[in-house]
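Next up is one chain by itself, shown in structure tokens, the form predicted on its own.
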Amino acid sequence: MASTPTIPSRTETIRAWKEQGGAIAAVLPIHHPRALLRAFGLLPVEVWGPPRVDPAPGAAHLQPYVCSIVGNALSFLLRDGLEVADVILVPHACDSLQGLGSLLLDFVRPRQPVFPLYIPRGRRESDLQFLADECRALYDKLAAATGRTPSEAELMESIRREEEADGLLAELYRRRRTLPLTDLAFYRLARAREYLPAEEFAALLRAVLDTPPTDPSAGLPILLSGIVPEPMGLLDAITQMGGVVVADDLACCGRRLYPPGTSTAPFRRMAERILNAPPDPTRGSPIAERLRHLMGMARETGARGVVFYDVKFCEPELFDLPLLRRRLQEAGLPSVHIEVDLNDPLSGQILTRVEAFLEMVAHQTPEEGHR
């Protein structure tokens, strides 16, 4: 297996973008219209925490049961970690993120303009129209903040650029077992989507996809679900335990394999792409829909178990898990649930639980597997 291809860091990418005269949008999880930001010359750089940040500054403003993604983001901002950003976008992925948006608008005001983005909790026509209107409203706010007014043609060109990058990411996922990448290398590459410009990310993926295929990676096939695989050392640990991640339902990765849109109206097309993504509890997807999605991935990839790897206090995840895990177990697909704080190292207790789960799955007879 090869190591990760050379990927520019966030810092390098931001510096290069700024040197070209571009601006930066710091974007909180999970779903946002990348194409809209790029049309205004803003490079979206996502803020998933970040990990290993002193939580004390944010803790002074938040309840103790708020997840570390939100707590770390606020602490990072208060310690000037987002000074490089020109705007801050806070999608309403959950109550904690909505609360953070309110704090930044009304109480802990940064120097940058803060824009909330409300994501509907359904996929009806009314939801599609609502999100299209949200994108249109965000356009107006960005126009006022930047003095730019991208044309409809410029918006569509930006959308096509993002769709091309996402199409290559989907192809990377389809061919992951025959690519010369370890699990850790695969996710470092996939997560570069969080900050690289679409065209740079696409070029990186083309180089990887052009490499000759290898024999399918060996190991006990598992499916990884949850929010974000931090610490990333978890992936190497799974490999060392004899496992291989063959698919994922991660909020930072697999739930954002956005399909191409179909509408010729830019704002509607942006909304289509987000709402037609894989099921996601932060978008209100029914548990039955998530169950079908997970079971479908397991059948396609041969996954024999699911590791739910969640950030502590993630309410959208926790609401689904009891019934979802029970239904998976009834269908013959065992799972384990692990909660982490982004500031904690990968503990021996977590590693022991993952290893015990893999050993249990490995000894499961074929008749006991998923049906």
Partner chain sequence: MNLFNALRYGWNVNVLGPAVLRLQRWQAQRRPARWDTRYLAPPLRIAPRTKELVARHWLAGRYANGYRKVAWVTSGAPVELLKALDFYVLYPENHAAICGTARVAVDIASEAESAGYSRDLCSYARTDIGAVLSGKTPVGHLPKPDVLFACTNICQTVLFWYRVLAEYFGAPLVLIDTPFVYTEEAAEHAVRYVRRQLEEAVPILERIAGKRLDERKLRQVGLLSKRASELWLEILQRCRHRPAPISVFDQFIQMAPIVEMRGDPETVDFYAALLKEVDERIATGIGAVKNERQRVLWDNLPIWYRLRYLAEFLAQHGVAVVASTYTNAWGELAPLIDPDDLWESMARTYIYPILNRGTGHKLRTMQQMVKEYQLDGAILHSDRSCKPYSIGQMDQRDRLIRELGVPALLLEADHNDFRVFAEEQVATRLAAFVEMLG
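Residue numbers count along the first chain shown, from 1. As the structure is a computational prediction, the values presented were derived from the model and not from experiment.
Absent from the display: the form predicted in complex with its partner chain. The rest refers to it.
This chain is displayed without its partner chain, yet in the model of the complex the stretch 305 to 313 from 26 to 34, 341 to 349, 43 to 51, 305 to 313 comes within 4.5 Å of it by heavy atoms. For a residue to qualify, one of its non-hydrogen atoms must sit within 4.5 Å of its partner chain in the model of the complex; all three of 116, 134 and 320 qualify. With the partner removed from view, the residue among 226, 278, 243, 281 that has a non-hydrogen atom within 4.5 Å of its partner chain in the model of the complex turns out to be 281. When you look in the model of the complex, the only residue of 154, 163, 171, 127 with a non-hydrogen atom within 4.5 Å of its partner chain is 127. For residue 101, a non-hydrogen atom is located within 4.5 Å of its partner chain in the model of the complex, even though that partner is not displayed. Of the heavy atoms in residue 331, none are within 4.5 Å of its partner chain in the model of the complex.
In the model of the complex, residue 286 approaches its partner chain with a heavy atom inside 4.5 Å.
Although the partner is absent here, residue 84 lies well away from its partner chain in the model of the complex, with no heavy atom inside 4.5 Å.
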